[in-house]
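Okay, so here's just one chain, in structure tokens, the form predicted on its own.
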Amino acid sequence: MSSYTASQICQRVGGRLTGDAEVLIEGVEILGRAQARHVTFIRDARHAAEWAQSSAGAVLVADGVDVQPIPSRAVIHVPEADLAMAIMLDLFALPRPLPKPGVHPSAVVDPSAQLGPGVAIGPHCTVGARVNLGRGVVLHANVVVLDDCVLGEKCELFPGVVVRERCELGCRVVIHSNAVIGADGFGYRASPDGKGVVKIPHIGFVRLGNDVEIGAGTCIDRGKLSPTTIGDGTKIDNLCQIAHNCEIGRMCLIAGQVGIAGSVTVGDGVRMGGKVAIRDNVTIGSGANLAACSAIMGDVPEGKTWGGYPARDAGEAMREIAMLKKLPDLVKMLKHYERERAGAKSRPDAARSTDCSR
């Protein structure tokens, strides 16, 4: 088990230490569960008071959050607690199991495939004709890479991944278990006789940029003609659907269960919360933020935050939600007014009062 002093951890994260510099740390844990040899983190003032009750030996604290030193424990101030914690998680991570370099005896690799130095192909993998695997590519067990695919250096595909024919992966692409890259797009039309449907062929492919990460169970469909593309550095969560001919920009963050219909264009740096649904043929401007569970029915301007069902400007959507909360009281007031009005009309003096007003 690795261990580091609080002083060594402070150097790793580029922080500023107060308290005991020699506290020994052997792992990472959340604030409420941390023990004496754990480092934890506090990102905002809401949790600062919990530090006194925690048993953690050290804490990473975001600048601007007031946390008091405690004897025999360490406080490490950092610009960004989440990023510092990421360094800690990497520091204490256990080594991931990897297939040995070379080709496992149970794998099937076409003789025409080109394998770069250090390629590791695990049990029961299939590598098709004319596939090109760059230096250091890792295919875990049961991965399928079909004909004419190109994988850049240091790609890692976890068990059960399928990459269909002619797809292109950049360098350092990570694809998690059971994702499918390059399945046929969903294209059908009614048959001329009206008795069935005609499948529209999709003869394009999928192109993933460098440093893209694809979550488990996600599907990215091939284009009908031109490729479906995912830009450099984009991260896509589990169980997402990216339909045919979509163009996703650079450095986008797409959370779980997002569904994007065909021919959608997404700019750079877009963030999508879980279960966002986007209709076909719309454009999401660079830097836009889409709130979870939003239904996007039209173009979203650059840098804007949209939410709701259907989605619109987030400020407008929140005002509408606030007004909806008042609706039951407004209905009660309206019913009360209608009862009073009906009662007034039924009284004789109310009728005389009405006559006098003419």
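Nothing here was measured: the structure is a model prediction, and the numbers come from that model. Sequential numbering from 1, following the sequence displayed.
In what follows, reference is made to the form predicted in complex with another copy of the chain, a form of this protein that is not presented.
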{"property": "4.5 angstroms heavy atom contact with another copy of the chain in the model of the complex for residue 213", "result": "yes"}
{"property": "Contact of residue 304 with another copy of the chain in the model of the complex (heavy atom, 4.5 Å)", "result": "no"}
{"property": "Residue 52, heavy atom within 4.5 angstroms of another copy of the chain in the model of the complex", "result": "no"}
{"property": "4.5 Å heavy atom contact, residue 47 and another copy of the chain in the model of the complex", "result": "no"}
{"property": "Residue among 171, 251, 150, 113 with a heavy atom within 4.5 Å of another copy of the chain in the model of the complex", "result": "251"}
{"property": "Residue (of 239, 264, 120, 78) lying close to another copy of the chain in the model of the complex, criterion heavy atoms within 4.5 Å", "result": "239"}
{"property": "Stretch 253-271: residues contacting another copy of the chain in the model of the complex, 4.5 Å heavy atom cut-off", "result": "253, 254, 255, 257, 258, 259"}
